[in-house]
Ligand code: PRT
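As structure tokens, one chain now follows by itself in the form predicted alone.
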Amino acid sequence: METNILRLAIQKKGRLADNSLELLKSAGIRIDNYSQQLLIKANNFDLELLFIRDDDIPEYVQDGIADIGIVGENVILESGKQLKTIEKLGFGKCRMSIAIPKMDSFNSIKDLVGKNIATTYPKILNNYLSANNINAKVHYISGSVEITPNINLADAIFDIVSTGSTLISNGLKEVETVLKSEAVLISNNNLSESKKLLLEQILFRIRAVNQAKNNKYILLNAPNESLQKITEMLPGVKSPTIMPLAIEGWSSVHTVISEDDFWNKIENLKNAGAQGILVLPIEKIIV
């Protein structure tokens, strides 16, 4: 592999793959015609993409076959590989939980003592049980674990939960969250200086994209006597921009605010006299 090209391992198909490719696209990295290839170079950046199974990504990165990878935190923990987590990426969020038949009672994790628990993630589960001094039997299942209580193979399961609909359809209820996970960017521990530089460039772009996702650009008109009160509600990246309007006694206020903060403050802004409020999406933020 060329020493001046960074190789990124991502899941070859599925939601995590789609989100990873969308992130790269938003970061200005173009990848074309990748559907039938397992290794492809970006058109406008010194980056190669290696498409593999998500379970293989930690090992490929640790062994230096790939320099960096995008994978769920749960996959890293289950692999036990020693890797650098460079950045949380904000997608692929899920939780890993213990679930039991909906008719069974559950008061605390002590109720799991002596139980059979089926899972695809035995290492994470065993670590959790050991940390909480719970003596239970862990059964590794390579396929769907939700069916195991119904066929008397297990008393409980430990698995990834997104919406919970799969648990409900199998007569199960979630009783204990063990881990919250999301996609992260990981790195080999021995990158060359040239590859570290490429990684920093990618990180700069990713952070600019993700910084913009949950923020909005806001423009509003405000009476001058209320400017101080209004600007105190809208700190912005540094501070709001204020420009006089053609109408005497009024100004235009421009700022950036998180979407959650905006909805929490909208009524207070209106009560303070803000009018003509515009909320616009932001493509990227460079700070």
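When you see a residue number, it is the position in the sequence shown, counting from 1. Predicted, not measured: the structure shown is a model, and the values here were computed from it.
Another form, the form predicted together with this ligand, is not on view; read the next lines as being about it.
Chemist: Would you kindly say which of L89, V161, I141, L83 lies with a heavy atom within 4.5 Å of this ligand in the predicted bound form?
Modeler: Of the listed residues, the single hit is V161.
Chemist: Between the options K93, K137, K173, R207, which residue brings a heavy atom to within 4.5 Å of this ligand in the predicted bound form?
Modeler: By the 4.5 Å heavy-atom cutoff, the listed residue in contact is K93.
Chemist: Would you mind picking out the stretch of 211-219, 161-169, 106-114, 195-203 that comes within 4.5 angstroms of this ligand in the predicted bound form, counting non-hydrogen atoms?
Modeler: This holds for exactly one stretch, 161-169.
Chemist: I'd like to know whether G72 contacts this ligand in the predicted bound form, with contact meaning heavy atoms within 4.5 angstroms.
Modeler: Yes, G72 sits close enough to this ligand in the predicted bound form that at least one of its heavy atoms falls within 4.5 Å.
Chemist: Hey, in the predicted bound form, is D54 touching this ligand, heavy atoms inside 4.5 Å?
Modeler: Contact check for D54: yes, within 4.5 Å of this ligand in the predicted bound form.
Chemist: Even though this ligand is not shown here, does G273 get within 4.5 Å of it in the predicted bound form, heavy atoms only?
Modeler: Looking in the predicted bound form, residue contacts with this ligand do not include G273, since no heavy atom lies within 4.5 Å.
Chemist: So, Y121 and this ligand: in the predicted bound form, are they within 4.5 Å at any heavy atom pair?
Modeler: It does: once this ligand is placed as it appears in the predicted bound form, Y121 has a heavy atom within 4.5 Å of it.
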